[in-house]
Ligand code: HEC
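Shown below, as structure tokens, is a lone chain in the form predicted alone; questions about how it binds or moves come after it.
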Amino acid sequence: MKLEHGALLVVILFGATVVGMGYMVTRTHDRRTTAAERLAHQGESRKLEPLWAAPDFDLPDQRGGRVSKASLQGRPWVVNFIFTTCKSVCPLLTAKMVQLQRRLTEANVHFVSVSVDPAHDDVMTLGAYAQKWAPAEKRWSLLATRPDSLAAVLEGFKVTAEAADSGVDPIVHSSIFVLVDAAGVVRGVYDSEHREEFLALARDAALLAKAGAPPAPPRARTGEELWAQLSCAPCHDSPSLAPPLGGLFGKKVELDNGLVVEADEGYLLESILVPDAKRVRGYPLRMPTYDGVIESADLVTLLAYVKGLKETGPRVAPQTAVDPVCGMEVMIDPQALSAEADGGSSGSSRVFFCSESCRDQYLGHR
């Protein structure tokens, strides 16, 4: 199928808009809905009225310094919650955070990502994560926590982070973005995956910074520049997170519903605009939609770049297994949790798990 500046693009853009209208706050698993999330659902955070005071905190950042509520006073800031080993929602949230930074290049706004994994995310780990996603962004602070300081921050922002009973990741947490004004008062709560809310967040942050309407992101001239500007590499260069795109064009792709499709121009374009429409088997990560983020002409440029990416090694289909406890499909990679199926006797096979909880349950009942 050959892409033209016409019917195919219009149909897919329309489909992306319809799908986008149905988005709600992304969560990795079912858990209790928090006060902040209810605000995002109800749209009450769009009025920019004071909601509540942001909590006090004083946490180390990825540069070896410390960031506190007091140090952030004098300019608005946006905060979200992530952890660096997350394979589901956090890369999506970080991609949106980087998109927001690029929309607000000229605004005096600070960006804060709080780690919800005190056991793993120290300042060096967070520094490496920031270097991978946005190495030149000086306004972004990634904050390490301890169990006690994390609990206080979560309570103060009215969000949650909990150990997962099952699922792709060991932690489930709120995925909203919170906008705080220069005086330290929460003024908005946003579901950044919804295009209109993401744009509202950019607009409101610029308004609080007295920067006027946020300018459009710097215009990329080449596909390579678009690839970098949209932060495609951190996920697609990591086979455990997202399908490698080098040499993909024209190949067959197996979807999570068992269907096999060809990665033609229509498939690639739809994957950029409506990424949930055809999900590749074995990849739990949700990709953000770029509908409304880049212009039609840039889509064509990016598409041509992706089509021309060279394969860097043998294309290996992701290997998956079914968790024997919860039945979830799990990708088999070097980091996958596993155990000997029969206690380690000769000729035994391994079983794989979505979480420590499922593995412990399996080992405890053998």
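Note that the coordinates shown come from a computational prediction; the quantities given were computed from them, not determined experimentally. In this text, rigid core is short for the largest set of C-alphas that superpose within 1.5 Å between two forms. Residue numbers here begin at 1 and follow the sequence given.
Note that the form predicted together with the named molecule isn't included here; everything after this is about it.
Taking the partner from elsewhere, Val330 is found to have every heavy atom lying beyond 4.5 Å of the named molecule in the predicted bound form. Using a 4.5 angstroms threshold between heavy atoms, Arg203 stays clear of the named molecule in the predicted bound form.
The shortest heavy atom separation between Gly184 and the named molecule in the predicted bound form exceeds 4.5 Å. Contact annotation: Ala144 falls outside 4.5 Å of the named molecule in the predicted bound form, judged by heavy atom distances. Contact check for Pro243, Lys278 and Leu302: all three have a heavy atom within 4.5 Å of the named molecule in the predicted bound form. Proximity to the named molecule in the predicted bound form, taken as a non-hydrogen atom within 4.5 angstroms, holds for one residue of Leu230, Ala134, Val123, Ala107, which is Leu230. Shown without its partner, this chain lists Val253, Leu72, Leu207, Leu150 as candidates; in the predicted bound form, only Val253 has a non-hydrogen atom within 4.5 angstroms of the named molecule.
Of the candidate stretches 188 to 196, 123 to 131, 108 to 116, 88 to 96, only 88 to 96 has residues whose heavy atoms lie within 4.5 Å of the named molecule in the predicted bound form. Contacts between 245 to 278 and the named molecule, taken as any heavy atom within 4.5 Å in the predicted bound form, involve Leu245, Leu248, Val253, Tyr267, Leu268, Ser271, Ile272, Pro275, Lys278. A displacement of 2 angstroms or greater separates the C-alpha positions of Tyr305 between this form and the one not shown, with the rigid core held in common. A movement of the C-alpha atom of Asp204 falling short of 2 angstroms is seen between this form and the one not shown when the two forms are aligned on their rigid core. Relative to the superposed rigid core, Gly184 undergoes a CA displacement smaller than 2 Å between this form and the one not shown.
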